[in-house]
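One chain comes next, on its own, written out as structure tokens in the form predicted alone.
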Amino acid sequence: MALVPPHGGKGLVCCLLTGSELEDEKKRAAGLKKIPISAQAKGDLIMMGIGGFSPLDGFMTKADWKGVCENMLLSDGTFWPIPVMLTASKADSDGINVGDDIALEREGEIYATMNVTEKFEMTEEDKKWEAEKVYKGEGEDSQGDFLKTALEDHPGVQMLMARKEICLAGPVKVLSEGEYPTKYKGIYLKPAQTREIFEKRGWSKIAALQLRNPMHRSHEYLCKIAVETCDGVLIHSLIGNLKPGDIPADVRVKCIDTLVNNYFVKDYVVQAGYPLDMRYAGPREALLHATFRQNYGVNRMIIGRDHAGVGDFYGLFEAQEIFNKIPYATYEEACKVPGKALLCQPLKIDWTFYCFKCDGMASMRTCPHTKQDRVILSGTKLRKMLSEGAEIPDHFGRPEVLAILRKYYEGLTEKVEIKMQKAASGEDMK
């Protein structure tokens, strides 16, 4: 069997220039009007450059933005779950007209040029509408006055509301991959590279594990379930920006290396990283994770408890349930709309934990015991215990990994308070 095709029906859409074309565009970019971009936009650009955001070849128009927020569809009917926008202040965008070419710059480096095909204003009401459509969930924190709570505690909504007021849309030519090829050499892999690895190994059914936290026993168990049911697993870490208090990518990568070397059969695992920032959009972000994983050659996205969640904004398994609510929800329906539907399907796994009575890892579907018999595993809970110097319960993590994390926390001069949500504490477990 062949690998799943890239999303969108156009193959890998890669906007990254190379060779003489790159050098010529860099010279041209030096003379263009420069627009400063956010860290999030930088990651989005690099993903467009390497084909990770296929079929996107630029930032979204107003019609695309509205369709994605409302129906999870681009204006041409292609599935896409989260807006990918470029915003600028009125001052920075003054004098930019449709048809102009601009340079997109961050911290002194030009990451891309863009041909402006549309310029429109994003009002406060527009942002609030997007927040309600994309970020609001079914958890406790999303009830009542959602926006008031979100502005205080939801990092994704806070980033959304802080966006500049003018949107610029249009195709891009990407000139730089930033620090990723050197800082994360061997980990930062492009979709074409993972696809080549999978093809060489003869894999066609591949599951991906999304990671933004250090890999604990539950993550390990999820991967091993996937290895038993698929040809192999892609352990795919976010190596872009996180919120304060999260553990940096180089530490997480070291933890994964240690786990893979000691507790996995390497022939069935590929470790890689991707250059996005977290959006903390819960269920919608789970869909985004599946969408761009399809471009990497993955056709099964592992979705466990509270995937991409933050606080108590989302239901425990809302990220699993949303896959049943998207356009072309079933694989059979997806096959009827070639290119436009999401082909990467969820691998839904129940709440997992270590059970002393079962004497091993288990889930709510396999363990008949009570929560008093279980070690509740979560990245948030692990970070909180480590940051407070608390003793880590037996079977929470592998000792080799915990040693790496303890060393990291011992070296911190400033620590961020970690807020525990119900999902991480096990409060909702029966």
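Just count from 1 along the sequence shown to find any residue number. Keep in mind that what you see is a predicted model, and the values were worked out from it rather than measured.
Note that the form predicted together with a further copy of the same chain isn't included here; everything after this is about it.
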Would residue 363 show up as a contact with a further copy of the same chain in the predicted complex if we use heavy atoms at 4.5 Å? yes
In the predicted complex, residue 229 touching a further copy of the same chain (heavy atom, 4.5 Å): yes
For residue 217, is any heavy atom within 4.5 Å of a further copy of the same chain in the predicted complex, or not? yes
Does residue 358 reach a further copy of the same chain in the predicted complex, with heavy atoms at most 4.5 Å apart? yes
Answer key, a further copy of the same chain contact in the predicted complex at 4.5 Å (heavy atoms) among 225, 308, 276, 102: the residue is 225
Though a further copy of the same chain is not shown, can you say which of 347, 167, 187, 288 has a heavy atom within 4.5 Å of it in the predicted complex? 347
Residue stretch of 107 to 115, 178 to 186, 140 to 148, 261 to 269 approaching a further copy of the same chain in the predicted complex, non-hydrogen atom distance within 4.5 Å: 261 to 269
What residues of 380 to 403, in sequence order, lie within 4.5 Å of a further copy of the same chain in the predicted complex by heavy atom? 395, 398
